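Given next, in structure tokens, is a single chain: the form predicted on its own.
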Amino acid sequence: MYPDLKLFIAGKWRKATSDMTVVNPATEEELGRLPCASKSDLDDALEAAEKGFRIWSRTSPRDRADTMLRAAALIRERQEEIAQSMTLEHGKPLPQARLEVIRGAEFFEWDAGEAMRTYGRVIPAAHGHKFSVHHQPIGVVAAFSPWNFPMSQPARKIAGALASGCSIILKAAEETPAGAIHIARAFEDAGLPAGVLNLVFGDPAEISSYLIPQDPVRLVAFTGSTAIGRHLTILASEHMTSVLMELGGHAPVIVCEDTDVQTAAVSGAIRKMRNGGQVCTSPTRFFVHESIFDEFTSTFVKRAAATVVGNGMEAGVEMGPLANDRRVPVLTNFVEDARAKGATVATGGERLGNTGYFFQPTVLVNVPENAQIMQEEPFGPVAVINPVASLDEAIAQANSVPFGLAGYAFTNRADYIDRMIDEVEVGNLSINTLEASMPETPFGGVKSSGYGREGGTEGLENYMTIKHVWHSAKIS
């Protein structure tokens, strides 16, 4: 079920002179050889994207939407094939991969509708004058998507660009290329004009440093770590190129004393281990009122320890391996640092087995503020649970990191909810649910978690420019 790995440039699939290995993280076996784009390939992609933009930007919003909906329908039809290829390369359980395929299709379906709603406006003016505002596609987009969601992350950027009338060069993740390849196939079969969507792979630093300074590139859209996001923003700023940055998070969860403790703990443990914790919005820092701390912690730990870990292709598995080998020592260091500074490892904390990149579901309790994990997102199946004496303390702890992507809370008190809406510094706040975003809602962060939004009615704004037209009936 794993696809043939190729570049997609100017409507054609091609190999390259160099390649790299894609590995199954559950078995460490080779899945395929991924071609790496050369500068010549990137030049071809830039030329194709310029030509594609001239065609696509002049295509009516209705026709753009129709093409996107055809591609979305094909993705839905191919759900099983795409899901299996993602589980093979990423390790996530097959049911989670199936859901991600549908989520990717939903991004295209929502933005297809938004393509027809990029309204301008007319501003009242003196007699003989007309002021109007027009939204126009920004141009060629250079986009970079991460490895943790092989289908939905590329889909978000492709959907925003195509709905706006832009062309796009996507550099998808080398560890998990299948989702982006399946998207390109769907759009090829849906009749997207050549050059509108181009897909490349290779060394991230080399590709970004080559593409971003190029004159045709008018927007850099990136999802990934804050450190790399800052670097790309600086590079783009040297050429006055716009950026859309969805960067790292370290999501707090405030658990108030009035909540349903058992339900909050069980749902928290399940969601923390989803996708192996490799989610930028993953609930990680749980700040629990001291009056319910013991009950919440014991329930959470019991459910986390019961997580079924294994090969994502096997029935009943809830959590697969980490997506790549470099995550194992990183998580081990987080746990050992917290333990050395006084935290209790309530469950887990170690690698599982000798084959595959498996790591135990892990819960750290009473973690001191100077532990590394209190300031850095582990991006893995490791949760922190600490007691707090009040909502004031919980909000202060939630805001104590430089990140502000997603935050969560469990409470039924209206006054608590009002305070958290006003005071918790995140771009996405969810109350009594651990869902962070939907295609119809804007998604993005504050502080070091980036700027700009994807999804919702706001999702196309970064992909468009605003032009004011002043039309005078007479020369003056």
Ligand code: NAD
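Computed from a predicted structure; not experimentally measured. Residue numbers here begin at 1 and follow the sequence given.
We do not show the form predicted together with the ligand, though everything after this point is about it.
Heavy atoms within 4.5 Å of the ligand in the predicted complex are found in exactly one of 73-81, 187-195, 377-385, 264-272, that being 377-385. Contact check at 4.5 Å (heavy atoms) against the ligand in the predicted complex: all three of Pro146, Ala205 and Gly224 pass. Only one of Cys280, Leu219, Leu322, Val255 comes within 4.5 Å of the ligand in the predicted complex through a heavy atom, and that residue is Cys280. Out of the listed residues Ala394, Leu247, Ala97, Val363, Leu247 is the one that sits within 4.5 Å of the ligand in the predicted complex by at least one heavy atom. Lys171 belongs to the set of residues with a heavy atom inside 4.5 Å of the ligand in the predicted complex. At a distance threshold of 4.5 angstroms between non-hydrogen atoms, His231 is in contact with the ligand in the predicted complex. Taking the partner from the other structure, the ligand in the predicted complex has a heavy atom within 4.5 Å of a heavy atom of Gln153.
Using a 4.5 angstroms threshold between heavy atoms, Arg285 stays clear of the ligand in the predicted complex. Residues of 323-341 that come within 4.5 Å of the ligand in the predicted complex, judged by any heavy atom, are Arg326, Arg327 in sequence order.
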